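One chain is shown next in structure tokens, namely the form predicted alone.
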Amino acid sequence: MSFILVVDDNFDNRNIIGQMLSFSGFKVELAADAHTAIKLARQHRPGLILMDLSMPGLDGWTATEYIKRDPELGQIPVVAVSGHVTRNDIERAHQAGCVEFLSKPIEYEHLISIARRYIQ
């Protein structure tokens, strides 16, 4: 089974999302920043990346653009996860290459529905 890479600089958010996914049977890896996420994606090829957008250093928009331009990583679906839910934020996430947008606070059923869409 492929795994889901959860990227969020907030310890609590990262772990809560990871626990919700694990509880539903998904294998999960966690990354606290975008640089670590890209490194893990290169090493282990996740089936899905849940990317926080607002992170210090390399933000999720830029990290997603990087992933989508990389020929080895570009096929991995990236779902934006953010509390920034303005129309501009959502459009920017899609322009960066995110396939979906998951707003915080996260609803368990919505998270699992999205995960099942991409991970068999």
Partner chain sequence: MRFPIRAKLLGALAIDLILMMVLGYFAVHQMATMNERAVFIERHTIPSLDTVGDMTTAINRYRARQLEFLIYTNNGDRNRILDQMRAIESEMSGYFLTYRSLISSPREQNQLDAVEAAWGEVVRANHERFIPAVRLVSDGSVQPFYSRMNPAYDALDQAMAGLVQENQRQARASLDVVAASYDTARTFIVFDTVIAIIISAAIGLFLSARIARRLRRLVEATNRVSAGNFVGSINEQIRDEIGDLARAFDQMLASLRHQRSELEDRNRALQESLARQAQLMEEIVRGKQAEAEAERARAAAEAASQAKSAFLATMSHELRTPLNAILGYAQLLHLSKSVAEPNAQYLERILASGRHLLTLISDVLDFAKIEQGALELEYSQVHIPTLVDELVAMTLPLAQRHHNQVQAYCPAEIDTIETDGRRLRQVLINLLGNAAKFTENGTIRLEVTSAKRGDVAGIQFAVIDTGIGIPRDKQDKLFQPFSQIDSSVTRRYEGTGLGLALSKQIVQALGGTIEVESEVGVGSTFTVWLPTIPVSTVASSSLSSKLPLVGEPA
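Residue numbers count along the first chain shown, from 1. What you are looking at is a predicted structure, and each value in this text was computed from that prediction instead of being measured.
What comes next is about the form predicted together with the partner chain, which is not displayed.
K.L.:
Looking at Q95, Q43, S54, Q75, which is the one with a non-hydrogen atom within 4.5 Å of the partner chain in the model of the complex?
P.N.:
Spelling it out, the residue with a heavy atom inside the cut-off is S54.
K.L.:
At 4.5 Å between heavy atoms, is V99 in contact with the partner chain in the model of the complex?
P.N.:
Although the partner chain is absent here, V99 would stay clear of it in the model of the complex, with no heavy atoms inside 4.5 Å.
K.L.:
Residue-level question: is D70 within 4.5 Å of the partner chain in the model of the complex, judged on heavy atoms?
P.N.:
D70: no contact with the partner chain in the model of the complex.
K.L.:
In the model of the complex, does T62 have a heavy atom within 4.5 Å of the partner chain?
P.N.:
Answer no; every heavy atom of T62 is more than 4.5 Å from the partner chain in the model of the complex.
K.L.:
Answer yes or no: in the model of the complex, does the partner chain come within 4.5 Å of a heavy atom in every one of N13, M20 and I106?
P.N.:
Looking in the model of the complex, the three residues N13, M20 and I106 all sit within 4.5 Å of the partner chain (heavy atoms).
K.L.:
So which of 43-51, 62-70, 26-34, 77-85 is the stretch with heavy atoms within 4.5 Å of the partner chain in the model of the complex?
P.N.:
Comparing against the partner chain in the model of the complex, the contact stretch is 77-85.
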